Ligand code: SIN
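Taking the form predicted on its own, here's one chain by itself in structure tokens.
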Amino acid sequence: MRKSYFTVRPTSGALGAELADIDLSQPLDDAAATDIRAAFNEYGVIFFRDQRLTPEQHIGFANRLGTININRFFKPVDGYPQIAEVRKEPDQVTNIGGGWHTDHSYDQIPALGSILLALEVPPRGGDTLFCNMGLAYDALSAGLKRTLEGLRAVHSSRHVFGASTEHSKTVTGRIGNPELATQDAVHPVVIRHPDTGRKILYVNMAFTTHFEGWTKQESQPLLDYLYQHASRPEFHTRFQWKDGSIAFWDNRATWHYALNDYHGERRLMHRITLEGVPIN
């Protein structure tokens, strides 16, 4: 499939496409930015290869696609608060993002998406999995869909980024500002994508704590079932990083999971997150 500004090559998985024959170091005009957003909405996550971007060019690309969100918790790149550093050194055991999750679901207005640029990747390992939460919803039974339509779920940053959490202790120096981990938000369990109108299953095991009006104990069995269901491989695609690769994923429509299978190697990425719009 050929767009006017790039070639679209869908992945072999349940979502995702690589956009080739485009140089993101060059400014995008309105038509190119519109085509990229259309591919983003169609495929859920889009990938680019061989992009050697300076921080200024990374920021410039992001600004053509949305409004940048300044991350509260990630260590910023020196001189560029718009860019969050995602780093794992050879002596570090825990990675960042090593489990299925959706970024910023704890915010009242969740992020639109994230643009992750690979600067240094290990020779093997360190892939990222992505999950199509629209397909996960579609595959539920009619009865469970009716049940979920009436539910809202609570999402929080406190148990992940707060000072007393195990996660914050294991990523010291890479995640900070635990005093800012005060976000709680309530979102429908099934949302309509604000651009496509598609129904999406919107819970995730990192930040969803319970259903509104239910106790955590009551909520956990159904949440566990939904997590197990969405984790089925037929909803996934897998991206193998190379230096200069970019992934731009939709936080409303996907999960992602950074595999932690490259111990003793260095991995350095730069991430920019874009502000979203209200979901319902």
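Counting begins at 1, following the sequence as shown. Just so we're clear, the structure is a prediction, and the values are computed from it rather than from any experiment.
Not pictured, yet referred to below: the form predicted in complex with ligand SIN.
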Open item on the list: By the heavy atom within 4.5 Å rule, which residue out of 86, 121, 200, 153 makes contact with ligand SIN in the predicted bound form?
Closed with: 86
Open item on the list: By the heavy atom within 4.5 Å rule, which residue out of 112, 190, 96, 136 makes contact with ligand SIN in the predicted bound form?
Closed with: 96
- [ ] Name the stretch: of 250-258, 47-55, 219-227, 61-69, exactly one has residues whose heavy atoms fall within 4.5 Å of ligand SIN in the predicted bound form.
- [x] 250-258
TODO: Establish, in the predicted bound form, whether 9, 15 and 41 all lie within 4.5 Å of ligand SIN, using non-hydrogen atoms for the distance.
DONE: no
Task: Contact of residue 103 with ligand SIN in the predicted bound form (heavy atom, 4.5 Å) - done: yes
- [ ] Find out whether any non-hydrogen atom of residue 148 is located within 4.5 angstroms of ligand SIN in the predicted bound form, and reply yes or no.
- [x] no
Open item on the list: Test of understanding: in the predicted bound form, would residue 204 fall inside 4.5 Å of ligand SIN by heavy atoms?
Closed with: no
Task: Partner proximity in the predicted bound form: residue 128 to ligand SIN, non-hydrogen atom cutoff 4.5 Å - done: yes
